[in-house]
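In the block that follows, a single chain appears as structure tokens, in the form predicted on its own.
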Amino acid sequence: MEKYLVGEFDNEYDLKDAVSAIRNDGFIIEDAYTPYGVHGLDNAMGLKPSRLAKVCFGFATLGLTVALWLQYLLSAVDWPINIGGRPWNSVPAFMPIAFEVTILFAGLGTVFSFFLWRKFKIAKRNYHPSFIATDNKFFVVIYKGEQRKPMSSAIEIIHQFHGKKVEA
């Protein structure tokens, strides 16, 4: 716990403003804990956009390709049955199954990719965030590493934005 400074806030607006000010002051924001998603907090923390959207799109494209290819292979090549004079390779007939397989591949591929990625990138935390489990408070965790400014200026920023409690 001695490597981190934790500030507590009552609302998301103070947290977001404090995170921006602390980051602009040159401190390293380790994490922020909120009871619900706060719009704009990722930008205030300086986080990069997630790559999971691209992974999801890749798996969705793979699922669509596999579904269309398999249906064409089964209905037009391996087992062509003429029912009512309809064509064997009718793309509109393939769409419901193709849609379902696309969603299946996208969902499962994204989940498995996320878990695989997290296996190799486990964050090493030196603090125990059990006190941060909350349903009505907002927290910012600041790393106390090699900083250009003293931590007292970070504490002042937390108090400036109505921070209630600061634990070092």
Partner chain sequence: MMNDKNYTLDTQLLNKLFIAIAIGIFTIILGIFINDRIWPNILLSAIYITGIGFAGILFVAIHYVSNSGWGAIIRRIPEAMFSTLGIGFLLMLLVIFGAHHLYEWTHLDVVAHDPILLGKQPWLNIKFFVLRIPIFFGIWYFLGRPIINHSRKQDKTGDLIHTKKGVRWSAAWLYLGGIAFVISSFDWIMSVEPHWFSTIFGLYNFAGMFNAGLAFMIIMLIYLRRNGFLTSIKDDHLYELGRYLFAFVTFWVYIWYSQHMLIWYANLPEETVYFAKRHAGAFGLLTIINILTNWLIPFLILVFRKSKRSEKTLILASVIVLIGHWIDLYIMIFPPLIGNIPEIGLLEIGTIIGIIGTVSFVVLKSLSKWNIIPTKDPYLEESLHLHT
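Residue numbers count along the first chain shown, from 1. None of the values given here were measured: they were computed from a predicted structure.
Below: the form predicted in complex with its partner chain, not depicted.
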Could you tell me which of 110 to 118, 42 to 50, 136 to 144, 28 to 36 sits within 4.5 Å of its partner chain in the predicted bound form, going by non-hydrogen atoms? 42 to 50
Hey, in the predicted bound form, is residue 80 touching its partner chain, heavy atoms inside 4.5 Å? no
I'd like to know if residue 75 sits close to its partner chain in the predicted bound form, meaning any non-hydrogen atom pair within 4.5 angstroms. no
